[in-house]
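Given as structure tokens, the chain that follows is alone and in the form predicted on its own.
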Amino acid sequence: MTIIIALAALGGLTLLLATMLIVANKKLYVYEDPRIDQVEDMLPHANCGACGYPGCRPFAEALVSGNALPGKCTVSSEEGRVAIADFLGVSLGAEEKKVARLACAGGTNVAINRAQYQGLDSCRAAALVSGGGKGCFWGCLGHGDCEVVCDFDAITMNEFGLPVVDLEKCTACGDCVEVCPKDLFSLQPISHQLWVACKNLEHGDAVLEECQVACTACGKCAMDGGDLITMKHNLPVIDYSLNHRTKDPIQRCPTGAIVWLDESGITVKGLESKKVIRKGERGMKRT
């Protein structure tokens, strides 16, 4: 009899809990549009954040809810964006592709080290030891943290220890921006082709002893660029809200610190910029 009572109590409790779960499921049920899964499958699954959302799933939710347009996914192909727009019955929208730009051209062929760093092969580790040993305190240390952290193989280190960004592969995820201890990377619209490839804040030709392509704050680019360029903290600052589709400011730069980046990624320097012909390292500066 005791067993029967126990089984009945257990059965009753099971029935009660099951009923509560059914009621809770109905009361707390949140409808999810099935199109979200379909749209997510149509996205590139890069989860790079270039669209402004933390991943492809949140972006798919924003697309289905009408809070975003397919054009914001600059990683997807044009055909992929059109397919999503057609599926949802919305306009494609437009979003200019962004890429990572490096504000340094001081490779080993033009820049000098004051000390030889020995330790963990990492820019962040080297930066903790007196700034990394490079003569230009603001320059790229060349250990390739940006290359390692890039999940899209968009960054490679060239023969002079400088990162080179593949514009086709770059998704503007921002990982290189975060990892660089010198804050040399920034995400820029691809139309920002007039570019200051230096972050040196010192003034005068003395900086050329440390790096032959450093900005000397001569101000010639600002003179030739009109309101487009102003000098701040000994560096040219470009106002991209103005018409910046001009190569005029680069022409008289004596070091090539301000350049024009063409669509293929080739760096174009001005007519008066000193040509760099050294193919090997400048070596270590003796003090």
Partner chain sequence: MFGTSTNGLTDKLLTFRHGVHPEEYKELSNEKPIERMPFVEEYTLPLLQHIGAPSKPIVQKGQRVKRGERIADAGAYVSVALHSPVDGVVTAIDLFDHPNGQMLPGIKIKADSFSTQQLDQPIPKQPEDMDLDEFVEAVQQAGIVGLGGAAFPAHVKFKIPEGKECRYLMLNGCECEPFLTCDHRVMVEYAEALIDGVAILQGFIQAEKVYIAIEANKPDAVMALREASKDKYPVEVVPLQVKYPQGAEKMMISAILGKEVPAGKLPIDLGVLVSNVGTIVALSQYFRQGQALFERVMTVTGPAVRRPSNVLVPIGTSMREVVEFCGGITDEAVRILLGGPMMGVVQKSLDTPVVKGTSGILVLTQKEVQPFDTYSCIRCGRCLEACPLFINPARLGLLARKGLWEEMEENNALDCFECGACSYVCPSGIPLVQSIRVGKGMIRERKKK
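What you see is a predicted model; the values in this text were computed from it and never measured. Residue numbers count along the first chain shown, from 1.
Quick note: we don't show the form predicted together with the partner chain, though the next part is all about it.
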remark   = With the partner omitted here, the residue among Leu120, Met157, Ile190, Val90 that in the predicted bound form has a heavy atom within 4.5 Å of the partner chain is Leu120
inquiry  = Exactly one residue in Leu201, Val82, Leu208, Leu167 has a non-hydrogen atom within 4.5 Å of the partner chain in the predicted bound form; which is it?
reply    = Leu201
task = Mind telling me which stretch in 211 to 219, 120 to 128, 67 to 75, 103 to 111 gets its heavy atoms within 4.5 Å of the partner chain in the predicted bound form?
result = 120 to 128
query = So in the predicted bound form, does Gly161 come within 4.5 Å of the partner chain, heavy atom to heavy atom?
reply = no
query = Hey, in the predicted bound form, does Phe185 get a heavy atom within 4.5 angstroms of the partner chain?
reply = no
inquiry  = When the contact criterion is heavy atoms within 4.5 Å, does Phe137 count as touching the partner chain in the predicted bound form?
reply    = yes
In the predicted bound form, Asp151 touching the partner chain (heavy atom, 4.5 Å) = no
